[in-house]
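Form predicted on its own, single chain, as structure tokens, below.
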């Protein structure tokens, strides 16, 4: 495993191009484009103000930079560095900007969600979409880029409009059976649209492309409900995380629950629990040289002994639990993050009142595979896009990796104590982008270890 030198970045704005060739980073009002293989600067662009949002077009030819405070969007071309585009929303303001799947249209959402403006880079045509709803996830494109689903709010009722992305004509418009729609998401195959209600009501609705209601799922009533929703890559499963600290798996044939994953404070039955332990040296005499604090993983196993482990403890294992404050809004409780591995084999979850633990579930056996318990709260975790390998960080100077073969912690060897706040896998290369508060570096995996 190798690490690159450290580069500057601002606001965690660092993204690899969809074709995997370039790395774009924002430093205040500057946009820096590097070659991923050499990390040499290929292009340097200067925007009119500090960049709030940055996004690649789907064909990796253009980069969008949004400056929300000034209501501006600037677009830069990699093929023609002298060409650029500026979109000024004026007094109506700007709160969101994103590419359409074809990489030739930009969708800008104005302040107070009054409308969405669709700008064409090819024809300079402008289209308007009224009544977009301000919610957790109010817009989503199908995986093939053919359709866009948009949540709308009209006359105190929720609606969904489905647009054809080629010419932006309205394909379907229907009312949803929700009190306060919180989000929507297409299945990866683009056949089903999942819509869920706000946290005040547990309700998930499944719609077909033509707007037919296929099924409604509700696990319970009169309590805080859905907190997170995620489709499996194969579209066979819909995972629903809720405030009752459970994940329910819905199948794509009957749309009924086939499994339920709980997050107990005491883990009594699982294959492995990995626990990060700080080993502090014993009190030494003044003549004894100082020893650095080492951080290792110890595996707590029920009946399996691995020779390379430093310490072995037996189940049950107690997971630290933080009791949420009932007087504060948005309590830190319930399953907030769900992530399927690319091969559909594993599901990783995080329960907010057990912030230092990541739970890995085996989707073939529908059982708990492993628990990764850290000494600090987990800030971010993400699956390798090509292999069943999970990377996570906790805001310290280490990178943690889990695979079915085991777990490892790696110290990031940079000067000044580089703290990893977030991370992203490269889309095709065997590398990771590690993001700190104002810096970033790349981590390269060894090919030989990958083959093993």
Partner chain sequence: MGEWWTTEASMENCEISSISHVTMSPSRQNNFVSSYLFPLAKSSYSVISAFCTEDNVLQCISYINQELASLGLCSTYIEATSPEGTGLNAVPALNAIYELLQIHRRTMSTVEALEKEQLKKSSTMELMQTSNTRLKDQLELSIREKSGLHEMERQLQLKIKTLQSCLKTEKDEVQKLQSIIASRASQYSHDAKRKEREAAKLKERLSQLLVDRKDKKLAIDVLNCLGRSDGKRGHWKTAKATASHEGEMYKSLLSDYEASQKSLMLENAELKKVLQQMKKEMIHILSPCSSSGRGATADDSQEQHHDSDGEEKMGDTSRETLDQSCEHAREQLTNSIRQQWRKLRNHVEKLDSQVSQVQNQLESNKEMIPLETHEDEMERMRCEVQQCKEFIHAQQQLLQQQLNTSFDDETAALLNDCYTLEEKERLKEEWKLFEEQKRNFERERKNFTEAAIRLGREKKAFEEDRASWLKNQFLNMTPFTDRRRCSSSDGHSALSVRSEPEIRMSSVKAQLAKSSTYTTFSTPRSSQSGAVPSTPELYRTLRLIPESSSSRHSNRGLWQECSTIEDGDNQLKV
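In this text the structure is predicted, and so the values were computed from the model without any measurement. Residue numbers count along the first chain shown, from 1.
The discussion below concerns the form predicted in complex with the partner chain, not included here.
By the 4.5 Å heavy atom rule, the three marked residues 84, 120 and 130 all count as contacting the partner chain in the model of the complex.
Residues with any non-hydrogen atom within 4.5 angstroms of the partner chain in the model of the complex fall in just one of 99-107, 220-228, 237-245, 341-349: 99-107. In the model of the complex, the partner chain sits beyond 4.5 Å of every heavy atom of residue 175.
Within 4.5 Å of some heavy atom of the partner chain in the model of the complex lies at least one heavy atom of residue 210. Looking at residue 141, you'd find every heavy atom of it more than 4.5 angstroms from the partner chain in the model of the complex. Contact annotation for residue 189: at least one heavy atom lies within 4.5 Å of the partner chain in the model of the complex. When you look in the model of the complex, the only residue of 268, 325, 262, 166 with a non-hydrogen atom within 4.5 Å of the partner chain is 166.
In the model of the complex, the partner chain lies within 4.5 angstroms of at least one heavy atom of each of the following residues of 149-165: 153, 156, 164, in sequence order.
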